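First comes one chain, alone, set out as structure tokens in the form predicted on its own.
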Amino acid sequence: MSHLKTLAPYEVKSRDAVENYKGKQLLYINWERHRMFSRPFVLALPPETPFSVIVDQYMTDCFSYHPDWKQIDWNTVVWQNGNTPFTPDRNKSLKENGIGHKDLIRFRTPGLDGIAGTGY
């Protein structure tokens, strides 16, 4: 591996650091096995946002036009933060649920695997 040599000290500042989002953090949300949505949705939200608002407002706005949405049994949803399983508390904020800047929330809905089970 080669190293870059500079003539003077050079500090790289990340353009997508949390400080650049005026009190908000980026949150990626992906509905597993539903490729009708080819990529995770990205939301910029305050860390104090309750998880219930994420589900009831933002996720509904993003995913509700899929025919499986109305059939979700929220008691059986399998949640992951990245690759780590977790159980969100709907009454707690993103921060209180341990969800940080640029985290990827993945959710799977057992028995609902896209239109006609195709993953779409």
Partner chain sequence: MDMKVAKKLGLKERYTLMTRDLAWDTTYQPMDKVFPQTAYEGIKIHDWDKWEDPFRLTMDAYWKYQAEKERKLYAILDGFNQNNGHLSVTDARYMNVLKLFLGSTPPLELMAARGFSMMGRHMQGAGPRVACQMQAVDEYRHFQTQIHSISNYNKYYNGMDEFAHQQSRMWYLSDGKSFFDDAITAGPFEFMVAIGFAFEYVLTNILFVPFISGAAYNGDMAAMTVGFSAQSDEARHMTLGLECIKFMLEQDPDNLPIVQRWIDKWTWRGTRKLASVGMMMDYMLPKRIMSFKEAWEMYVEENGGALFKDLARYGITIPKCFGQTIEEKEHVTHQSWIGFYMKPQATPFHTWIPTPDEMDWLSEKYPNTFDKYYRPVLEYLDAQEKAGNRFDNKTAPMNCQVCVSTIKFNEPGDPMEMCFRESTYQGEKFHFCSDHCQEIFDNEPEKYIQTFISSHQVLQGNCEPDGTDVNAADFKPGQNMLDYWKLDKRALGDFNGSEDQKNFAAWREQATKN
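These numbers come from a predicted model, not from an experiment. Residue numbers count along the first chain shown, from 1.
One more form of this protein, predicted in complex with the partner chain, exists but is not displayed; see below.
Participant: Taking any heavy atom pair closer than or equal to 4.5 Å as contact, tell me whether residue 42 reaches the partner chain in the model of the complex.
Facilitator: So residue 42 counts as contacting the partner chain.
Participant: Does at least one non-hydrogen atom of residue 35 fall within 4.5 angstroms of the partner chain in the model of the complex?
Facilitator: Residue 35 belongs to the contact set for the partner chain.
Participant: Would you classify residue 72 as touching the partner chain in the model of the complex, given a 4.5 Å non-hydrogen atom cut-off?
Facilitator: Residue-level check for residue 72: no, no contact with the partner chain.
Participant: If you check in the model of the complex, is residue 28 within 4.5 Å of the partner chain, heavy atoms only?
Facilitator: Heavy-atom contact with the partner chain at 4.5 Å: present for residue 28.
Participant: Scan 54-71 and write down, in order along the chain, each residue with a heavy atom lying within 4.5 Å of the partner chain in the model of the complex.
Facilitator: Read in sequence order, the residues that approach the partner chain (within 4.5 Å, in the model of the complex) are 62, 65, 67.
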